[in-house]
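One chain is shown next in C-alpha cells, namely the form predicted on its own.
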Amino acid sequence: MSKLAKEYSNLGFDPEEIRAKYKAERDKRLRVDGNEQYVEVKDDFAHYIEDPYVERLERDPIESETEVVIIGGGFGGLLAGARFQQAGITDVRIIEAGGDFGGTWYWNRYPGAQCDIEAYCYLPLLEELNYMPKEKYSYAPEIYSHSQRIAETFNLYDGAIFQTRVTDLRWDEDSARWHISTDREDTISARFVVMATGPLNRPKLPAIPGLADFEGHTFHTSRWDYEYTGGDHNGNLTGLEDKRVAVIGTGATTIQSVPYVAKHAKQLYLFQRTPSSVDLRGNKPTDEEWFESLEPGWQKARRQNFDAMVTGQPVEQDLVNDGWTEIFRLFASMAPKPGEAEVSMDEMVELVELADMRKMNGIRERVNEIVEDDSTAEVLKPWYRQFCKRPTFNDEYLPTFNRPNVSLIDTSDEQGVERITSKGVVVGGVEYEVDCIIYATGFEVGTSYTRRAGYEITGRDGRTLSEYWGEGLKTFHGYSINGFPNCFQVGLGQNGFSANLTAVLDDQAQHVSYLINEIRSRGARYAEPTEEAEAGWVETIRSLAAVNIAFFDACTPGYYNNEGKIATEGGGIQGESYAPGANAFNALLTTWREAGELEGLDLTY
C-alpha cells in the first residue's frame, strides 16, 4: 500500500487487493484471437443485416454528378448535411443503407433502447431546432424522430438515397472526382466525399463453432424481430411466452432489453463473459421552466463541461451531475484544497484511481443490494475500472435476476460460449436447449475501416485504403488521408474522443464544412495532407497515447482496448484518439483555422 493510500486508510478497502482482483479477472478473459473472435455478417450470415423495418423499394439506377456525397445517414451524416447547408454547401447527396435517417437509432429499435448520455448533451442542434427533450435520458423513438426533424429542417431528404449500400469508392485523377458505385447499380460522381458510416454501423457475430447449425430462430438486437417476439419498443413481447430464449452478450443493449425479454419469455438464459457496470439510471421528465431559462450557447457550454469532467479537468460546476461524472466529484472531495499540502502528479493519478475504486465498490455493492441470490450477484459484479468499458445505467436490469425464469450463465472460465448446436448453446459441456438465440454482440468497432464500412476505397495510383492502413491508421487531424484527395471522414479515429459522440460529430461537421469552403474559395481542384503533416500527426497521436495505452492495457478486453491488444498491436478506440480529449482537440483546430494557412494541406490547382 502506498503512502497516499495509507493516508486514506479509512476508505474501507485495500487498493492492492482490488488491483490484484482486476488483473486476475482481466487475464482470464484475454484471448489470442482478439478481433478474430468475431465473424463478419456476410455470405451465409448476410441476413443478419437485412432491414426488417421497411419493404425494399425497387427503383432505376441513378446516374448523377454532385459536389458532395456523404456516405451514411446517422448523426454523422445528418450533422455534416446540416452544417454544410448552413455554410452554403447545398449540392449534397446522402447515401444510406437504411430506409430513413437515424443510423444507430434507425437500426436499434430493441425494447427499452435508450441513450446513456443525457439528452441535453446528446441530442444535437437543440438550440437551432428549438426542441426540448421529453426526459433527461431519451428513449430510441424520440431520438429517431429527432433525426428526422434535423433532416426535414435542413432539407436533407431532397438529396437522400435510401436503402442503398456503397460497394466501391474510387478516385479519378483526370476528372478530380470520386466515383461511387452501389448495390443498386448507381454511378455517382462527386468532387468531395465525406465518409460518415460511424462506429456503430455494422453488426458483428461471435465466431462460435456451430454458429450456423442452430435450427431455431435467431436475430441480432440491431435488427430486432418483432414479428417473432411481438410487442414494440415499450415491451409486450407476448410472442415469447412459450419460448426458451438465449441472449448472448451483456453490453448496453442487453442491459436495456433483457428486462423486457425476461418479463415474457418462458425461460431466459443470459450468457455472460464480462459483466457490465450497471449504475442507477434515475431518469426524470425535463423541467420546462428550467429549459426555457437556458441562455443562448447553453448546449455547447454543457457539452464542454461534460467533457471536462470526464477527462478530469477542473470546472466550477458539474452541470450534468450524473453517474458519468461522479468519479470526478469523488476525486474533488479527496484532493487537497488550494493552499493545502502539495500533491505530485503521480499522487494525483493515484487519487483518481482511489476515487474510481470507491465508485466501483459502490457499483458492486448495488448488485448485492438488489440481487437476491449470492452466487448470481458475485458473477454480476464488474471487476475493472469504470471507464475500461462504456458504463451502463439502468434500474430494471439487476432486479431481473430475481425472476424464477431467468438464469445467468457465466462463460468467463471458457472465454465465451463453447459451441452452438442444432438445439441450443453449450457452455462448460452443458447444453442449454432453446427456441431462440438473440445476439447482443455489438458492432464492428475495432476492426478495419473497410470491413466496418462494407466497401473498398481506392485513391490515387490505385492504392486502396485497406493497403494504406494495413500497418495502422494514418490521417491528418483524423479527417483526411494522403493519396485520397477531397475525401474526409467523420467519426472516431485520431481526433478528440468523447463519450458523447454526437458532440464530436458536430464539431467535425463544422470543421469539414470549413475545409470544403476553403478549397472552393481558393480555387483549388482538390486538397490532401502532405506526407510530412500526416506523419507528424500520427506521431503526435502515438506519443500522447502512452497514458491511454497504460490505462487501457490493464483493462478487461473490449473494443476500447482492441480486445486486450492495445499495448502490443495498438488500435482500439482509445489507442487511436487524441489523448488530451475533445475539448483540447477542438482548441487545437480552432487555432489551426484562425491561422488561415491550411498548414499541412497540399492544394492542387
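For clarity, every value in this text was computed on a predicted model and none was experimentally measured. Numbering starts at 1 and follows the sequence shown.
A second form of this protein, the form predicted together with a small molecule, is not displayed here; the remarks below concern that form.
Here the chain stands alone, but in the predicted complex its contact with the small molecule, taken as any heavy atom within 4.5 Å, falls in 109-117 among 355-363, 109-117, 210-218, 72-80. Put simply, Phe328 is far from the small molecule in the predicted complex: not one heavy atom of it is within 4.5 Å. The shortest heavy atom separation between Gln386 and the small molecule in the predicted complex exceeds 4.5 Å. For Ser513, no non-hydrogen atom is located within 4.5 Å of the small molecule in the predicted complex, even though that partner is not displayed.
At the 4.5 Å threshold, heavy atoms of Gly442 reach the small molecule in the predicted complex. Checking Gly424, Gly198, Gly249, Pro133 against the small molecule in the predicted complex, a heavy atom within 4.5 Å turns up for just one residue: Gly249.
For the residues Pro399, Gly312, Gly235, Gly416, the 4.5 Å heavy atom test against the small molecule in the predicted complex is passed only by Gly416.
Contact check for Pro206, Thr253 and Arg273: all three have a heavy atom within 4.5 Å of the small molecule in the predicted complex.
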